[in-house]
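One chain follows as structure tokens, the form predicted alone.
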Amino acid sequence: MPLKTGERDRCATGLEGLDTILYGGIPRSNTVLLTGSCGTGKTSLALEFLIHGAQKGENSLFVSVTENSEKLLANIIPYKFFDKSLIKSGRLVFVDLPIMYERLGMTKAELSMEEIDLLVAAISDLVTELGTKRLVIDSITSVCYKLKTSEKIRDFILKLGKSLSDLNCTTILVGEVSAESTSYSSFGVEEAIADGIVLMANMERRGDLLRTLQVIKMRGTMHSRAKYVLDLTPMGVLLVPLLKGGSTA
């Protein structure tokens, strides 16, 4: 379907329910904060976003900050649609950020402003070199621990988001918050800068622990703000509307 005049080009996530919520997908070149507490399915959703992109011919890059890529791949849900040839062909690339830190000489616990610029440039150069159109950084919270101050965090995310947007790369930054948190990010900075916020959570209902998803904001598109129940299956992420009273449709 052709875009209407002035309408943003969409990066369809490939997750049918999420694309419906976003009226066709994430506006291309947006930087989205995918945030939530432990065990809510953030990494699985982000990986599926990349896999669907790679299947469509869009080069996709996963930057792992805390977990070794090989271990990550060994522990993900065995998606029936995941073809390892996507990795062999270079359509889907995994990079461990600690290795990048080491190569850039960033061995200290806190990065300087100069090192922040160097890191943004290194990630942008990698995106350019690989022709990346979809990027996931998991997690941005772990990167922020090396930035320490709100000023540095703001500077890093603003510069990174601007650089990736200029490269027409659609980016998901995975964030971590505690289950009790009323904020959408650990440092209170990430949520204000990101173009979009997708909140994932756990909700107890009749003794069961359900995963939920809710789009809080998304610049460049209308979207539903309803809460959805999320299920991780070998066929991919499934979303079902959560009706008032806690039942599902």
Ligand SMILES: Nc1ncnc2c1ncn2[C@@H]1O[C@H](COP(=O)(O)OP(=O)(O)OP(=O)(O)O)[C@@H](O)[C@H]1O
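As the structure is a prediction and not an experimental result, all values here were calculated from the model. Numbering starts at 1 and follows the sequence shown.
Same protein, other form: the form predicted in complex with the ligand, not shown, and the subject of what follows.
Residues placing heavy atoms within 4.5 Å of the ligand in the predicted bound form fall in a single listed stretch, namely 36-44, out of 49-57, 36-44, 213-221, 189-197. Of the residues 179, 104, 87, 76, just one reaches the ligand in the predicted bound form with a heavy atom at 4.5 Å or closer; this is 76.
Taking non-hydrogen atoms only, residue 232 approaches the ligand to within 4.5 angstroms in the predicted bound form.
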